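Next comes just one chain, in structure tokens: the form predicted alone.
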């Protein structure tokens, strides 16, 4: 079992040497997965397999259909893991139903969240990276195996999705440079961007209609919140659900958008902003994330009570009186 008081920060070069010295590796993605955590896990898995390692991936939730292209980078392998690595996971609770089995067994954590809470024996965290895939891209270079088209497509997927197709404030010049380098490997970037950002299922469109019809505006229109009951989310692809989180912030005048999603064990709030530190707001409720994209969870509370607490916290941050 890991001793959390002895979690050690290491360099990326040390992380590469660690991985090259190990075998039978399991890579963990976070629950309610997005393109970054899956891009990291599939990209790193493919690279380590090229290095001759036995590597497999585990996630509490299945791979969404619009990420099926990531499977091209890996070979399915079956073995008993000896080394456990997490990617894009800020807290072991984000492992979801895998936390009981692996929460205290992570050997190396690779992450980019400002709110990272140490849980692994070793960790490499760069909170300046726009996406964890930016880190994994550099890590793969250090492994000495080289990238191929399928692996490059994985890393591009993570970078593009975590920057909102390079529109979010976390995007840097280095982000564009790395994306440009990845495009040189020859995957169909236009088709991939369409699948990731423009193509929408009918269930996604119906969900967007509900959100727009039921948004509750507050703080003189600078805040917008909506709650999605679990029956609304049944049968909807997880990535479609994740994508809804950005919708309220797209409305003119909205600075902080919040989408509440009902889960089996409570409610999850996803916050998005332009300039407001929503990571700071979510931290008040035991959550975290990034400056402009963060989340938190609530248990044993009604949606109306949660919305009241969130409104008060957002209004305090924006300098308004909650009503």
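Whichever C-alpha set is largest while still superposing within 1.5 Å between the two forms counts as the rigid core. As the structure is a computational prediction, the values presented were derived from the model and not from experiment. Residue numbers count along the first chain shown, from 1.
Although not depicted, the form predicted together with another copy of the chain is the subject of the following passage.
The listed set 76, 234, 80, 213 contains one residue whose heavy atoms approach another copy of the chain in the model of the complex to within 4.5 Å, identified as 213. The candidate site formed by 285, 297 and 302 is entirely out of contact with another copy of the chain in the model of the complex, as no residue has a non-hydrogen atom within 4.5 angstroms of it.
Per the 4.5 Å heavy atom criterion, another copy of the chain in the model of the complex is contacted by stretch 213-221, the sole one of 98-106, 137-145, 119-127, 213-221. Although the partner is absent from this view, residue 172 contacts another copy of the chain in the model of the complex, with a non-hydrogen atom inside 4.5 angstroms. In the model of the complex, at least one heavy atom of residue 167 sits within 4.5 Å of a heavy atom of another copy of the chain. Interface residue remark: residue 68 is not counted as part of the site for another copy of the chain in the model of the complex, having no heavy atom within 4.5 Å. Contact annotation: residue 72 falls outside 4.5 Å of another copy of the chain in the model of the complex, judged by heavy atom distances.
In the model of the complex, the residues of 190-215 lying within 4.5 Å of another copy of the chain by at least one heavy atom are, in order, 190, 193, 194, 197, 198, 199, 200, 201, 202, 205, 209, 212, 213. A movement of the C-alpha atom of residue 214 reaching 2 angstroms or beyond is seen between this form and the one not shown when the two forms are aligned on their rigid core.
Core-superposed comparison between this form and the one not shown: CA of residue 257 displaced by 2 Å or more.
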